[in-house]
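Coming up is one lone chain in structure tokens, specifically the form predicted alone.
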């Protein structure tokens, strides 16, 4: 049963103020997805419930340029957001009837388990630990962990240079766990944007997370930062949903595959992250 939800308006407003003066937020030029008229689904499925309600609640990041960033109007934009619109459209739900809720790395599983959101699309790496408590559709994108340093830094060139060094990442994230395994001294915060000031001040020597997230931060702060080294992990991004909802997971996988074939996936990419990053063919979905 769906529960009433409260969007995190204060967080949206704060992020909007932070980024409203920056260039290239991604998503302003995105075409609106096709919205199915009166789609029919088997009674009792999540698809039928959402279609009948005419609305969906989607968790996404609010502070990640190119993938999920709150714009000046308080509405998130980016590639993850466009993927959410494509899924909603197949349910007959228009973009204005999507409720966007901020999900940071540490609260994605609890929000899904507690019914705070219907799905999470938030640079969300699929891994075995998370699959113990939630299910994933996808992956719809393959990222890799990399390293962000000050533009002037010539000492950090690869992950080997992070051993024993203070490095910022986000609590509850795969990158933070990878850094601990690597032997770095992990400085944790709730959002990647909150890693930038410690990097500027010298409190940490680097920020480390997925390369696409770091590329967005570089794009938002020209001349300050750079990404160094090759990605040293593979991070398959998936769409989180309630554990055991196989029908809904299969539906989302069908929607993803259709978007690959009809060009809407590539269009979503080009209008958002494609402003900075080259398009790559999406990975095959995993129908586990």
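Residue numbers count along the first chain shown, from 1. All values reported here derive from a predicted model rather than from experimental measurement.
The discussion below concerns the form predicted in complex with a small molecule, not included here.
*Asks:* Just to confirm, with a 4.5 Å cut-off on non-hydrogen atoms, which of 82, 210, 159, 102 contacts the small molecule in the predicted bound form?
*Replies:* Looking at the other structure, the residue within range turns out to be 210.
*Asks:* 153, 174, 193, 107: which sits within 4.5 Å of the small molecule in the predicted bound form by any heavy atom?
*Replies:* Residue within 4.5 Å of the partner: 174.
*Asks:* Can you check 181-189, 125-133, 194-202, 88-96 and let me know which stretch has heavy atoms within 4.5 Å of the small molecule in the predicted bound form?
*Replies:* That would be 125-133.
*Asks:* I'd like to know whether residue 62 contacts the small molecule in the predicted bound form, with contact meaning heavy atoms within 4.5 angstroms.
*Replies:* Result no; residue 62 lies far from the small molecule in the predicted bound form.
*Asks:* Under a 4.5 Å heavy atom criterion, is residue 225 part of the interface with the small molecule in the predicted bound form?
*Replies:* Because no heavy atom of residue 225 falls inside 4.5 Å of the small molecule in the predicted bound form, the answer is no.
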